[in-house]
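Below, in structure tokens: the form predicted on its own, a single chain.
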């Protein structure tokens, strides 16, 4: 892959709802960086899997991921608890991770010329996707604080969910993200 030279690369890892997206968006806006919340890629894939279970395959996914950069990944449906749990499971699939890995590398190392660089956040960005990042961050908060953040976010979308359900979901996602064999969440 050809890599653009003289660009700023920022990598942020964090568990769910810790604030990495807020930080990444602020840094990207301030320094004119292309921002990518890599978790939304897995959420979009989870959405596709749940919406098109009979069509879902690697071939189907490859045909859809090509257009991912032009899609609006902020759809309210992507933040649902069901999508989040499925995304955490999908992120453990080695074949899907390879497809997503290549997509992420393109964002990280070849942002459009109008950007000064890139800023990616996720679970394995600092050591797997952009190990040569100019700046690396690991953002975290206690599980109750993160659950409260996500609960309030879901309530804004009029989701009928309880704080206890969100807390349980965050704990399960942490367990999946920290213990998966392929690209687990870890501090670098």
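All values derive from a computational prediction rather than experimental measurement. Positions refer to the first chain, counted from 1.
The same protein has a further form, the form predicted together with a small molecule, not shown here; the description that follows concerns it.
Contact annotation for residue 125: at least one heavy atom lies within 4.5 Å of the small molecule in the model of the complex. Proximity of residue 43 to the small molecule in the model of the complex falls within the 4.5 Å heavy atom cutoff.
Within 4.5 Å of any heavy atom of the small molecule in the model of the complex lies no heavy atom of residue 118. Contact between residue 28 and the small molecule in the model of the complex is not found at the 4.5 Å heavy atom cutoff.
Judged by heavy atoms within 4.5 Å of the small molecule in the model of the complex, the contact stretch among the candidates 138-146, 49-57, 35-43, 159-167 is 35-43.
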